[in-house]
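The chain below stands alone and is given as C-alpha cells, in the form predicted alone.
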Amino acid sequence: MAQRGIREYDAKRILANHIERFSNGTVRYRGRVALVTPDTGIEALSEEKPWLKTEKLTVKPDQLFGKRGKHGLLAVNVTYDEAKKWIEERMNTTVTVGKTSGKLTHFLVQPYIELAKEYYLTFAGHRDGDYIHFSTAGGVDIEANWDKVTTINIPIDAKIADVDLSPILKGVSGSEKEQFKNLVTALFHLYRELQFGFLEFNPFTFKDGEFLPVDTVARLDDTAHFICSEAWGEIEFPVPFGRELRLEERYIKELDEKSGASLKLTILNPRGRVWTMVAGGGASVIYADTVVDLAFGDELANYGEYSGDPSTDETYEYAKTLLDLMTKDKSAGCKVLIIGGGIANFTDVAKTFDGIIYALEDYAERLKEQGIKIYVRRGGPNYEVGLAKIREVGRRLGLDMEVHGPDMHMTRVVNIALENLKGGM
C-alpha cells in the first residue's frame, strides 16, 4: 500500500458522497465544504454554495499540515466578508510551520460548528488489520489525553459486524451507544471499502444521526485508483507542504493529466545511485520497499510508475525524463537503473518497451560514460517480444544490461542489482 495524504476538502467530499450508502441512511453528513485556491476565489464559489454568505464560517489552510490554530492559521465563527478578507491577506504568502516554510495556496471553508461535546475517532491500517481509536475527550490536546483513548483491532480477514465494539464505546451514554455503534460501523465500511490507509476525525460531534466533523485527516492507498476512481471522484494527491515540484516532476504530472494512463514521478534524491522505472503502482511499492529493506534507502533516487497501457510516445517521454535526470550528475561509484514491473494484465509490454528503447538510444553515450548498469525484469502481454527487443538494443548500443522475464522474482532482481552496486562502490 502506498498511503498518500489528501486534502481535508476531498476527504469530506468523499464522506458526503458515500456515508448514507454505508450507513443505510442512519448517518447524515451534509458535506458543506468549499476549497478556495488562487484560481477559484470565494466569490465565485458562493454562487454555487450560497451557504457561504448566510452562515458563520470556519476557514483554515488545506495543505497537509496540522495544528493550524496553534500557528495562528485558523479563522473561527467569522462572516463571509471576514472570511474573504482573511483569505485574501494570506493567499500566496509564505509561512513557517514547525521547521517547514511554504506558500499558502489552498483554504478550506466550512460552516462553523459549535461543539457541546467533542469526540475523537481514527481508523489506521497496520500489518495485521486496522486499528479503531475512539475517545469521548477529543480536541487539540488528544495526545496529552491519550490515556482516555480506547483501541480495538479489526483483523484483515474480519468483518466489523463480527467484532464487539463495546470496549471503545464504554464512555458513551447508554441512550447513544447504538447510534455511535452505527456511526463507527458505517465509517469503518467507508474507510475499508474506499481504500483509506488512515482516516481521523478530531474533534467531531454526533447527534440525532447527523455527523459533524470539525477537522479531518486522511490518506488513501493510491495504488487502488483503478478500482476507486469513480468513488473518489476528481482526487488530488498534493505534494507535502513546503515542497515545490521539480521541473521534471511537473512535466510528468502534466503528461499524466493529459493521458488515460498513469504516469507518476517523485524525485527523492537526485544524487542517488539507485534509479527505478517501474510499471504498475503495486510493483513500484514492492521495488521501493525492497531497496529500503536491503539498506539502500538513502541511495533511492526516485519513486514512481508508468501503468495503464501508456502509448509508446508517452513511455518514451517518461523514460527520457528519467534518464536525463539520472545522467545529469556523475556520482562517486556506479549507478544502477532497474526497469521493472510485475506481470501486466493489459499493458502491451512490447509497445511500452519501444518507448524505453528510443530513450536508451538517445542516452546511450551518457549511460556508458557513467558506467550505469541496467537490470530489466518484466512479464505480461507480448513480453517475449519486448524483452527480445531490449536485449538486442543493449547489445547493439554496448550497454551493461541484464534482461529477465517473469521467471525472475521482482525482489530477486533488485537484490542482484544492489549486490553489483556494492561491488562498484
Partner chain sequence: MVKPDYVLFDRDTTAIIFGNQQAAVQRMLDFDYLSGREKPSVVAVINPTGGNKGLMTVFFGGKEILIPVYNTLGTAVERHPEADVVINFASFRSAYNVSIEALNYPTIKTLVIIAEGIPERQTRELIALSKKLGKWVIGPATVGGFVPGAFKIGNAGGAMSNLLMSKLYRPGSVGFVSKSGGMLNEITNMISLNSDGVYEGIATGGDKYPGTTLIEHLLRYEANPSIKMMVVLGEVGGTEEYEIADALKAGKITKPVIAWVSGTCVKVFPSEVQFGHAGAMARGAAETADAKNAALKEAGAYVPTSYDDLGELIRRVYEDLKATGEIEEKVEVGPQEIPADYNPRTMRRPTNIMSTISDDRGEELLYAGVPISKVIKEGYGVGDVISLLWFKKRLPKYVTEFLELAVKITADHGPCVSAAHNTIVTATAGKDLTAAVASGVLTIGPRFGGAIDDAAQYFKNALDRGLTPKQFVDEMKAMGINIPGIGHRVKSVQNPDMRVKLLEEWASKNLPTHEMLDFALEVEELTTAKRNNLILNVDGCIGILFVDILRSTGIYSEAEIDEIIAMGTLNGIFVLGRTIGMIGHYLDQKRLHARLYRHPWDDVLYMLPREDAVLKYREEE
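In this text the structure is predicted, and so the values were computed from the model without any measurement. The term rigid core refers to the most C-alpha atoms you can superpose between the two forms while keeping them within 1.5 Å. Numbering follows the first chain given and starts at 1.
The same protein also exists as the form predicted together with the partner chain; that form is not shown, yet it is the one meant from here on.
Chemist: Tell me whether S23, Y112 and W146, taken together, all sit within 4.5 Å of the partner chain in the predicted bound form, counting heavy atoms only.
Modeler: Verified in the predicted bound form; spot residues all out of contact, no.
Chemist: Can you pick out, from Y80, Y303, F237, Y251, the residue that has a heavy atom within 4.5 Å of the partner chain in the predicted bound form?
Modeler: It is Y303 that has a heavy atom within 4.5 Å of the partner.
Chemist: Report the residue, out of G209, P270, G297, G102, that has at least one non-hydrogen atom within 4.5 angstroms of the partner chain in the predicted bound form.
Modeler: It is G297.
Chemist: Name the stretch: of 319 to 327, 86 to 94, 338 to 346, 113 to 121, exactly one has residues whose heavy atoms fall within 4.5 Å of the partner chain in the predicted bound form.
Modeler: Careful reading of the contacts points to 338 to 346.
Chemist: Can you work out whether Y191 and the partner chain are in contact in the predicted bound form, taking contact to mean some heavy atom pair no more than 4.5 Å apart?
Modeler: Y191: contacts the partner chain in the predicted bound form.
Chemist: So, R219 and the partner chain: in the predicted bound form, are they within 4.5 Å at any heavy atom pair?
Modeler: Yes - in the predicted bound form, heavy atoms of R219 and the partner chain come within 4.5 Å of each other.
Chemist: My question is simply whether T151 lines the interface with the partner chain in the predicted bound form - judged by any non-hydrogen atom within 4.5 Å.
Modeler: Outside the cut-off, so no.
Chemist: Please tell me whether any heavy atom belonging to A161 falls inside 4.5 Å of a heavy atom of the partner chain, as the geometry stands in the predicted bound form.
Modeler: The answer is no: A161 has no heavy atom within 4.5 Å of the partner chain.
Chemist: Going by heavy atoms, what in 118 to 133 lies within 4.5 angstroms of the partner chain in the predicted bound form?
Modeler: G125, H126, R127, G129, D130 sit within 4.5 Å of the partner.
Chemist: Does F226 move appreciably between this form and the one not shown, meaning a CA displacement of 2 Å or more on the superposed rigid core?
Modeler: After core superposition, the C-alpha of F226 moves less than 2 Å between this form and the one not shown.
Chemist: For a quick test of reading the superposition: does N382 move by 2 Å or more at the CA between this form and the one not shown, rigid core aligned?
Modeler: N382: C-alpha displaced by 2 Å or more between this form and the one not shown.
Chemist: Just say closer or farther for the C-alpha distance from L190 to S307 in the predicted bound form, relative to the shown form; it changes by 3 Å or more.
Modeler: Relative to the displayed form, L190 and S307 move farther apart in the predicted bound form - a change of at least 3 Å between their C-alphas.
Chemist: Please say whether the CA atoms of N302 and D222 come closer or move farther apart in the predicted bound form, knowing the change relative to this form is 3 Å or more.
Modeler: More distant in the predicted bound form, by 3 Å or more.
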